[in-house]
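Shown next as structure tokens: one chain only, the form predicted on its own.
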């Protein structure tokens, strides 16, 4: 999917999936690196600030295809909002609640049609209908409001092979699906991008450690300017 098609799909439907952006073997390796750092007791588990213990995730944050799409939708400059968050949906995990993303909770309705947050979820395992794949309601980003009681009837699972990436407009209604698989888990790496006029909340996600930040390429350092510890 080229940039024009991807941007058009996001503008119309609120999301797109880009396939084969990451080698499946590398996706598996990143999955293996994350699991020992996360709670194995079951359920839906997050690892915030994952760039600090797993700096190899940096390659996902400034992938050229993501940069092109983000620039088209957010303008210049834009920034990473959240370090990286690993999201592990283990067998038996329940589904989450449909929602739109920060900062819309504090924005007067109707919300603007342009994205105040652009989300990405890198599929480090296959995302299937039964292993907890992200679910969203196509077109809901233009509603200008949070989900209603009937929204679940309209959601669809975001299905893709490991190495693919889901990109969605932050106003699109979405949630993690329940993992009803017997043994298959799903692992995603979430990186979110904000336009220059949106600032992270003081109680926001963990900052990137300065010593990790200084080893990153210049482009990634620019993206992380608002997410790095002060020197």
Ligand SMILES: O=C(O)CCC(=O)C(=O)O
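Residue numbers count along the first chain shown, from 1. Everything numeric here is computed off the predicted structure, so don't read it as measured data.
From this point on, the text means the form predicted in complex with the named molecule, which you will not see here.
Proximity of residue 193 to the named molecule in the predicted complex falls outside the 4.5 Å heavy atom cutoff. The shortest heavy atom separation between residue 87 and the named molecule in the predicted complex is within 4.5 Å.
Remark: residue 119 counts among the residues lining the named molecule in the predicted complex, judged by a heavy atom distance of 4.5 Å or less. Though the partner is left out of this view, residue 134 does reach within 4.5 Å of the named molecule in the predicted complex, counting heavy atoms only. Of the candidate stretches 47-55, 166-174, 65-73, 34-42, only 166-174 has residues whose heavy atoms lie within 4.5 Å of the named molecule in the predicted complex. Listed residues 154, 145, 99, 161 were compared with the named molecule in the predicted complex; 99 is the one with a heavy atom within 4.5 Å.
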